[in-house]
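Shown here is one chain on its own, the form predicted alone, set out as structure tokens.
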Amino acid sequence: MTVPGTRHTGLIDCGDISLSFSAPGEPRRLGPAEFLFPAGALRLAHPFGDTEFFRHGWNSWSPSGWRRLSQPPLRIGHSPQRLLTADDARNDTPLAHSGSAVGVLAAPNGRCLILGALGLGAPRVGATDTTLWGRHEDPDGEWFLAYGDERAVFDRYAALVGDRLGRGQNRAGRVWSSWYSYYDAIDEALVGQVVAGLDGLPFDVVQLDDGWERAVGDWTPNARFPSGMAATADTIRRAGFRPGLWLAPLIALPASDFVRQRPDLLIQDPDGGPLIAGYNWGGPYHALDTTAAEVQDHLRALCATVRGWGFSYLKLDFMYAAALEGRRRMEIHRERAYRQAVALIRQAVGPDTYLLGCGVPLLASAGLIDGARVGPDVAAFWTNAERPDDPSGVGARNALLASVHRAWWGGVFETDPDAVYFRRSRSLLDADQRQALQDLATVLGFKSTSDAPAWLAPAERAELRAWLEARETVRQTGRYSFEVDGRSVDLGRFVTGYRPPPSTVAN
């Protein structure tokens, strides 16, 4: 029996290694090298020294990947505004290796030691060259500890998360979205042109992104959609596609009617004003207090409206904002407030509506969303020269890096690495980079693009059609290596920064 406030120390046998621990209670053995520890602060001594540590980011855009413990930590540096938007700023450790929910140490024999949370409470896992530790803001679920093959321990952790928190039930199919061609410059006439241009391409979903709404926070169509969103959804449906729509239902811009009329319905900062939840659209934005009954009614009404328009595929963006620390009507841990809000949305839209989470805290979203973006925004360029030290910044390489390190989430929800490019015009990506994005989407099992059909040359259109039609057999052969229908795919050369000489790359 575990007595609150007491500490237990001991030794666990993992086969070829033994680990001493300090924990809130005694571990329970699940298998030869698998254990469950009670929720709370946990510390283990490891024998691996200066090894690699896998750091997992909090939300969709947060950096995830491996770093040696002797290297600087993988994190968002030099930009507090971006850190607030793209990771768990409250638990950032500038001088130490740590991440959200799960951490992994590489052993010299090719095995790994994983420590992962099976509940909420903003769990954090970190490491030094002698210790592996876990802690929560609010202890909620048990810790899973395992030692074994790298892929096996990740898969086992994902399976336990799914068992505890649930798994997505719906499949997206093949998706075309408006963002990376038109950004917010969309209108009613353009939708008609796009769906006509997509005729003959085997897409399942046409999803409109940001730009249809009057303001972020005010979810009514703007003047560019004079016939209304139901008519727009009908245009998409009559063309043979499932209508999809972008929403950011848990945030609002300062100039929105929602903020100007009801600032009391926002999460508050310590001084009693609206909390700044992040930065985009040229400035800050605020988060809705989802513990307030009026906000819950607002979300139910919004979901009913959008479903009534005919949209059954919803991309829910900037969702993390409702999980930030701040003053709420109800005293409840921030991740639990967030999860309850997503559960409300899920119930309101019904079980058959596809929910793609973007900017979502991944662990806290399990079982409620069907798919999740697992990296930052892609782009028609490889690296972001304006933000070279920001691994969450817009760019194809950053999107690849975070996404390939989160492929293991596929057992809990579909993993979306963001759009693939086939167009050569209006793009700085070379053939090798385009192929890398195509291969990444193939191995993660989520195929989408934003290429405007009018921008595609006949050969590019044929290439896109063949990729969409393919039903590849994928087998993982290493950390970054795969076989796709017998073809070897090595994404590791992009992870390590390798680029082939220009003379070997043909556009």
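So that there is no doubt, residue numbering starts at 1 and follows the sequence shown. These numbers were taken from a predicted model, which means no experiment stands behind them.
There is another form of this protein, the form predicted in complex with a small molecule, and it is not shown here; the text below is about that form.
With the partner omitted here, the stretch from 299-307, 98-106, 275-283, 166-174 that lies within 4.5 Å of the small molecule by heavy atoms in the predicted bound form is 275-283. None of the heavy atoms of D234 is located within 4.5 Å of the small molecule in the predicted bound form. Heavy atoms of W58 never reach within 4.5 Å of the small molecule in the predicted bound form, leaving it off the interface. Contact annotation: R329 falls outside 4.5 Å of the small molecule in the predicted bound form, judged by heavy atom distances. In the predicted bound form, none of the heavy atoms of R124 sits within 4.5 Å of a heavy atom of the small molecule. Three-residue candidate spot R75, F154 and Y480; no residue lies within 4.5 angstroms of the small molecule in the predicted bound form by any non-hydrogen atom. Put simply, of D210, D92, E188, D432 only one has a heavy atom within 4.5 Å of the small molecule in the predicted bound form, and it is D210. Checked against the small molecule in the predicted bound form, the residues L324, V206, A407, A86 give one hit for a heavy atom within 4.5 Å, which is A86.
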